[in-house]
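Consider the single chain below, provided in structure tokens and representing the form predicted alone.
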């Protein structure tokens, strides 16, 4: 089943770093996932987070306020 991944962030360096890490983790491990970048502040607020970047997997906030390692992302997606 395809994972639905959302990366919440307004475009700061950490948000861009998280996007790169997530895309790399998905590609390197052949994970079936759709990745969406959410930059609209009103959309981000719907997830009730105060710090970005945030990683949302299947509508569950998994990580917020930091850039995860590639291994951490892979572990969350399996």
Partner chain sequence: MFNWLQNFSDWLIYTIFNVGEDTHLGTALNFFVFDTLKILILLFIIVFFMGIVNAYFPIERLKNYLNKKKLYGLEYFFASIFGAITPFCSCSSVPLFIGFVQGGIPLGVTFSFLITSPLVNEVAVAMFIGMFGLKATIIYVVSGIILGTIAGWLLGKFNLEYLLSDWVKKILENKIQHREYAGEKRTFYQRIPEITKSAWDIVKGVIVYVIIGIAIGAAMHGYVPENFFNQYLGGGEWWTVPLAVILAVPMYANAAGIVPVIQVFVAKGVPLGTAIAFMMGTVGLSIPEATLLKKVMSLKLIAIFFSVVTICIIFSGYLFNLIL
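Residue numbers count along the first chain shown, from 1. Keep in mind the model is a prediction, meaning the values are calculated, not measured.
Absent from the display: the form predicted together with the partner chain. The rest refers to it.
Peer 1: Against the partner chain in the predicted complex, would residue 51 count as a contact residue? Criterion: heavy atoms within 4.5 Å.
Peer 2: Although the partner chain is absent here, residue 51 would touch it in the predicted complex, with heavy atoms inside 4.5 Å.
Peer 1: So in the predicted complex, does any heavy atom of residue 19 sit within 4.5 Å of the partner chain?
Peer 2: Flag for residue 19 set to no.
Peer 1: So, in the predicted complex, is residue 64 in contact with the partner chain at a 4.5 angstroms heavy atom limit?
Peer 2: It does: once the partner chain is placed as it appears in the predicted complex, residue 64 has a heavy atom within 4.5 Å of it.
Peer 1: Looking at the partner-bound form in the predicted complex, is residue 59 within 4.5 Å of the partner chain by any heavy atom?
Peer 2: Answer yes; at least one heavy atom of residue 59 falls within 4.5 Å of the partner chain in the predicted complex.
Peer 1: Looking at the partner chain in the predicted complex, which residues in 15-49 have at least one heavy atom within 4.5 Å of it?
Peer 2: Result: 41, 42, 45, 46, 47, 48, 49.
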